[in-house]
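There is one chain below, alone, in C-alpha cells, taken in the form predicted on its own.
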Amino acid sequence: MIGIDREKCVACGACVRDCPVHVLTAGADGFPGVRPEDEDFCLNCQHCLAVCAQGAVTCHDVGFADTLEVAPIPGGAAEAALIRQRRSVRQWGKEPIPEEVWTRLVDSLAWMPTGCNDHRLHFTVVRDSARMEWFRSEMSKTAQKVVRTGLLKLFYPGFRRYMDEIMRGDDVVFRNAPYMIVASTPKDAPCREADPWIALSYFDLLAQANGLGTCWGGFAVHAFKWIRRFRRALKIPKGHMVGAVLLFGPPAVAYARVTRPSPMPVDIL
C-alpha cells in the first residue's frame, strides 16, 4: 500500500502532516508508516507521494519514477481572464481538433478531483461524427413524440419555450456540437451528484484554454437519465448514472468584449 524507502527518507514528517485521513503516523524512530488496522482507510490520493521532496514514498505501487515534475502554472491574472472570458458556444467550426489537443484533454481526465478520491467516475467521449449525428436524429424524433403526448408540459414546464424548435427538428439538446463528453458515476459513490459536474468543469476550462468552445448539455443529462437506449449507445457501465454532459468543439464565433454580468451576492465573514 504505502512504502517508505528508509535510505531516502529523512523523517521530516511532511507526509504524516499532509495525509488527509491520518493513516500515516510517525513511529518511535521517527520514520512514517501505516498500522495494519488503518490500511483500508487509505484513499490512494498520493498526497504523501507528492509532498515527499526526497522521493522516498511509494503509494499503491506508484513511486517517484512514475510521477511528473512540477511545471509552471498560469498566473492568477491569466486564470481570472479565462474565467471572465469563457462563454457558452453554440456556433461550431468544421476544422478538426489537433491530435495533441485531444491527447491533452483525454489524459487530463485522470487528474479530475472526486469526493473521497473515488476513481470510479467514468467518462464517455463521443468523437465520431456519425455517432453524434445518430444521437441528434434519434433525440429529435424522441423529443417530438414527447411533445405530442403532452408529457413535456407536465414534467418539464420550463421546456415550453423550446417546443416550436423541437417540432421544427432543431437540435435543442446537443446544439449541433461536433463532440460531447458524458460523465457518469456509480450510484453508491460518496459524492455521486457533485463529482461529474466538478470533473467536467475542469475539462470545460481546459478545453477553452486550448481554443475550443464548450456548452453545458443540461437537456442531454435528462435525456440520458430517462432513455435507456441512449445510455446503452453511450456504453454507460452497469450501475452508473449519468451526471453531467459537456458539448465542445472548434468555435465558429469570436467574442470581441468581456461582458459585465450582474454581481452575485457575496458575504465575506
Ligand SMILES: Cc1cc2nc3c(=O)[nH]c(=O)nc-3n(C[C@H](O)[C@H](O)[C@H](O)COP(=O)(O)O)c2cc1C
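Note that the structure is a prediction, hence the values are computed from the model and not measured. Each residue number is its position in the shown sequence, starting from 1.
Keep in mind that the form predicted in complex with the ligand is missing from the display, and what follows is about it.
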inquiry  = Please tell me whether any heavy atom belonging to W216 falls inside 4.5 Å of a heavy atom of the ligand, as the geometry stands in the predicted complex.
reply    = yes
inquiry  = At 4.5 Å between heavy atoms, is R90 in contact with the ligand in the predicted complex?
reply    = yes
key: Interface membership of W197, the ligand in the predicted complex, 4.5 Å heavy atom rule   = yes
inquiry  = At 4.5 Å between heavy atoms, is R192 in contact with the ligand in the predicted complex?
reply    = no
ask   = the ligand isn't shown here, but in the predicted complex which of R104, R127, R86, R136 has a heavy atom within 4.5 Å of it?
value = R86
query = In terms of non-hydrogen atoms within 4.5 angstroms, which of the given stretches 23-31, 55-63, 216-224, 41-49 touches the ligand in the predicted complex?
reply = 216-224
